[in-house]
Structures are given as structure tokens and as C-alpha cells.
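Next up: just one chain, as C-alpha cells, the form predicted on its own.
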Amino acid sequence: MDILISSIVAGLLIGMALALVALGLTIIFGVMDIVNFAHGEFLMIGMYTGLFTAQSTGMDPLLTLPLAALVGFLLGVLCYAGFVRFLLRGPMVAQLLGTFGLMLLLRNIALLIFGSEDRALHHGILVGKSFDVGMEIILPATKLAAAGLSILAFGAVWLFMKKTRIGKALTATALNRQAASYMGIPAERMNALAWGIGVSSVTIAGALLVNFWSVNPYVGLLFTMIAFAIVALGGFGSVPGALFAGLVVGLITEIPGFWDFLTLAFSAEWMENVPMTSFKYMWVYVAYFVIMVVRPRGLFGWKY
């Protein structure tokens, strides 16, 4: 039972961070109906921003979050103004191939600058620390902080979109672009804002993840696939859906723990020989496939 509870807690903690990763993807799609294949590369940039800022200045990695948010916002607006807005004039296939090309560009720039080796943080107030809450449940301090700050960032974005005038304009553009333009809402500015918020959300997530996850130029591919699975489950364009689906996918990544619990519960020797840890991300992709076949709209629909 301790293994089961520990796996559930670990899945929920990582799921909160994964939900923040997917938030930016669902905002961009909700406003512009464009799939951003470069989403994981923006997360990689956020991870490098947090890593090198902490290493060069000696500050705690968690204090790099505002800088990661600023870098992400400026990068998102720049990418939209200099590249994406031109893609929107073309067919859907041009948009897909365009963001795929952006992914390759960002990845290879990172390879050129940083090399291909893994890099990780080794200092910080919370790095290497953990909390023993009993029942053999040990919570790594970095993951606990990442989960809490992810929820705060998620809540801030949700409140911005629901309670502020600009946020409501952004939501209106997502729901009906033509009607919003008739009401005087500038669609181009909303598009740029969506890219700014979307990319800053994922760079914040990257700066949080680098506290306990190593970074290299290829790390974005894994998180891109996970983000697509989360958005597909929650519903493209649904902010609450991204949070719920992030928690579900976080639990799916802890399948090895659940497998160990079942192995002990049923005393099944054959289960011990199954390398479930090697397959844990496969189950995320299986869930993605099943969701797209059974309910392509997602659990919360396509829009906010």
C-alpha cells in the first residue's frame, strides 16, 4: 500500500508541472488553431535559461523564474511577429511544416551553442533535499516546489484570462475571431499575446523542471509528445482540461510504481521480469492514441 500511495503522490506532483508545460500549447491552439511543434524546444530554452542563470550568478534556481518568463514572452512575440503570422496566411500543411521547421531550427541552434551533452543543476536551496511525510513517502523538495509553483503560475494565467479585460479579449478571440474583430478587438495583437503567454508558460515550466531534470538539446521531443497527449485528453483550447489531463498523464508516468504494487499484491513472479520503467512513456502515447480515436474532442471540448 505504501508503494501505491507513493506512486500516486509522485504522479500528481509531476503532473502539475506537466500541466503547465501543456498550458502554453493549448492557449496557442485555442486562439489561432495552429499546432506548435516547436513547443518542446521552447521548454528546452527555459531549462537552459534557468540552468545557466543559476550557474553564472550563483542565485537559487527558483529565483530564475521571472527571467525565464520574460525570455519566453519576448521569444514568443518575436516568433509570432517575424514568422508565425506569415504562416497563418497559408494552408494548414504550411503551418504544420513551418512550426516543425522552427523546432529543427531551435534544436540545432542549441546544439551549436551548448553541445549535445546532458547538463544538470547541482546547487540550490532545495536541490538534494526531501521531506519524509511518513508511510515511507518521501517528497523531493524540488518536485514539491515545482508542483506548487506550477499551480500558482497556472492559476495566474487562468485568472488573467477570466478576470482581466485583456484576458477576456483573448478568450473572445479564441471563441469567435470574427465576432471579436467586429467588437474592436485587434486579432493580431491577441495572436502575439497568445504566443507570448504560451511560450512564457512553457519556459517557466522548463526553469522549474531543470531543478530535477537534466537538459540537452533533444529534451524537447519528449515533452512535446507529452504535451500533445495532455492537450488531446483535456481538449485543445481548454485551460481547465490541461490541468486535469496533466494530473492524469502524471499518474500514467508512474505506472512502474503501480506495477510494483500489483507485483507484491499478487506475488506474481513473472511480473518482476517485465521492465516496466523502460515502457512508462509508451503508455502516455498509447493513451494519446486511444483518446484521439475514442474522443477526438477531448474531455473538455475544443474551446474554453
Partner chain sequence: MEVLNSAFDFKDFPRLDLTIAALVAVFLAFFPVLPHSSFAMATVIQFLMFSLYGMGWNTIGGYGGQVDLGKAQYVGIGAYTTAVMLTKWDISFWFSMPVGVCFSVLWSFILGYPLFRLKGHYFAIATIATSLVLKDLFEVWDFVGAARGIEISPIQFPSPDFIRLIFKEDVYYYYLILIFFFIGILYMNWFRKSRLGFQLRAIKDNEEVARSLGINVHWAKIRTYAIATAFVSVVGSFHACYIKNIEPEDTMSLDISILIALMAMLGGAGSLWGPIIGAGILIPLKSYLKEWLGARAGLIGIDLIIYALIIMAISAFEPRGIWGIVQKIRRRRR
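Residue numbers count along the first chain shown, from 1. As the structure is a prediction and not an experimental result, all values here were calculated from the model.
From this point on, the text means the form predicted together with its partner chain, which you will not see here.
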**Fill in**
Partner-free chain; cross-checking its partner chain in the model of the complex, the single residue of Leu104, Leu175, Ile166, Ala156 with a heavy atom within 4.5 Å is Leu104
**Request:** Find the only residue in Ala81, Met183, Leu152, Ala94 having a heavy atom within 4.5 Å of its partner chain in the model of the complex.
**Result:** Ala94
**Residue stretch of 193-201, 104-112, 144-152, 157-165 approaching its partner chain in the model of the complex, non-hydrogen atom distance within 4.5 Å** = 104-112
**Message:** Would you classify Pro140 as touching its partner chain in the model of the complex, given a 4.5 Å non-hydrogen atom cut-off?
**Reply:** no
**Message:** Can you tell me if Phe228 lies within 4.5 angstroms of its partner chain in the model of the complex, counting non-hydrogen atoms only?
**Reply:** yes
**Message:** When the contact criterion is heavy atoms within 4.5 Å, does Val35 count as touching its partner chain in the model of the complex?
**Reply:** yes
**Message:** Is Leu74 near its partner chain? Define near as a heavy atom within 4.5 Å, in the model of the complex.
**Reply:** no
**Prompt:** For the spot marked by Leu87, Tyr285 and Met292, is every residue within 4.5 Å of its partner chain in the model of the complex through some heavy atom?
**Reply:** yes
**Asked** From first to last in sequence, which residues of 231-253 have any non-hydrogen atom within 4.5 angstroms of its partner chain in the model of the complex?
**Response** Phe236
